[in-house]
Ligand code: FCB
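Only one chain comes next, encoded as structure tokens, the form predicted on its own.
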Amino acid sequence: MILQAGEGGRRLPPGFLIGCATAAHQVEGRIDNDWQQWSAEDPSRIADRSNASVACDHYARYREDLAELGAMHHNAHRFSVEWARVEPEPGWFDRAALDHYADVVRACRAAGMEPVVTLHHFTMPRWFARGGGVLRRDAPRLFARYASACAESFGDDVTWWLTINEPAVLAVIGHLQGRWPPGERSLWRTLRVLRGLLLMHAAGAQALHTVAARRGRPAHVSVAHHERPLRPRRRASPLDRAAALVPNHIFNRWFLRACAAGRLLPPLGDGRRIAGLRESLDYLGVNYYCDDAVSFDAASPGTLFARQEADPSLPHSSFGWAIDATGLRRALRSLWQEFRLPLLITENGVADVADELRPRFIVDHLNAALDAVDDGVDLRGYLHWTAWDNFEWAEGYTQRFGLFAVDPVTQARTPKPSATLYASICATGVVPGHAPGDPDPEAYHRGAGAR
């Protein structure tokens, strides 16, 4: 049964941004960056041996894609600029690429959608990666130069900016787990990369603010923070509690607390002040998918003795992630209480091959977001991950998060039942109701066959 927004539902706050989030490498096609090289060198690195050479062909189809989302009453759209297109060689900025993204911004506005622009969504130019990537000494300066070029080219039509998407995820999967480029497995390097990303964020945010101030334009700048709370598997176990405490601090809080303090905080830094860091967050972008349960594992010093897994007591997505809408409410409330910054949900979605879980997931998580608003959280919007089934990094095309199915041969977009539901919510501003904090777990268990 498809839920409909209507009588008995809950109304979104006035001015609430609602739409979808995407990333360039996952949808655009024909990008020459470090990720394309990574998958081409060894196709077995990708679950289905695929690549993003075509993806959703969104680079060519963006006008009709964005018009379709606008026709479904989305009023915001998050997309990323591909650094490798804009600066394919060091210091050379491709005017055609900058003009393209300027037109993407215009197309968003023509479709009635507020553009939310991400500057770095996991990928980087090959020349930047070859020189050491995030750990280059000049990485902050180079990122600031790129951010300035984007702000100068199309910043007059952009208010909402995100410098870097999920710094902790990039650090962990690429440098601790080794499943993304550059394929390292080093806790020490992981922590250095996280520190390097903080420096890049500070420099990029400062560049965006500088250009905006010179042009007399507002600029709301943030990072897309991946909030994945780590909770002890056995709450009565001191070892499990300790195993959750340290990685939870480093990967869920260190980056944000360093921004708030304006300093490279211990244990990843020496406390020194970083120019532009304290002023780098005008709001907080929040990517939330799930919590994880943590058990102490003496055999895993490389992960700080923490073994993470999805809570087995909860229903799971086809990706194996736990589904619990109340976790979103807890996450928003916790971030608001600590940082007192306006929040924007920049990603939230579910891997669901057959679209059996997604309709209920959307309703429950939007209601959880409204529960957080009722708790006093200053929440500005919700951006669903994602618009189209796309290239999901190391999982290739095996995991499907989209509201639209995409035919890999014809590139035809087919809206799923969840797209119709979401369009109804966007059109009416009304979310189908449930008892606050009381999602329907049976709906997820019925859809669990998608795994």
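We number the residues from 1 along the sequence you see. Nothing here was measured: the structure is a model prediction, and the numbers come from that model.
This next part talks about the form predicted in complex with the ligand, which is not shown.
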Can you tell me whether Asn287 touches the ligand? I mean in the model of the complex, with a 4.5 angstroms heavy atom cut-off. yes
Hey, in the model of the complex, does Asp324 get a heavy atom within 4.5 angstroms of the ligand? no
4.5 angstroms heavy atom contact with the ligand in the model of the complex for Asn165: yes
Flag Glu392 as yes or no: does it have a non-hydrogen atom within 4.5 angstroms of any non-hydrogen atom of the ligand in the model of the complex? yes
Is every one of Glu227, Asn252 and Trp336 in contact with the ligand in the model of the complex, taking contact as a heavy atom within 4.5 Å? no
With the ligand left out of view, which of His121, Arg329, Arg195, His316 would have a heavy atom within 4.5 Å of it in the model of the complex? His121
Only hit among Ser39, Ser418, Asn33, Gln26 for heavy atom within 4.5 Å of the ligand in the model of the complex is Gln26
For the ligand in the model of the complex, the stretch among 65-73, 407-415, 51-59, 393-401 with residues bearing a heavy atom within 4.5 Å is 393-401
Can you name the residues of 339-360 that have a heavy atom within 4.5 Å of the ligand in the model of the complex? Glu347
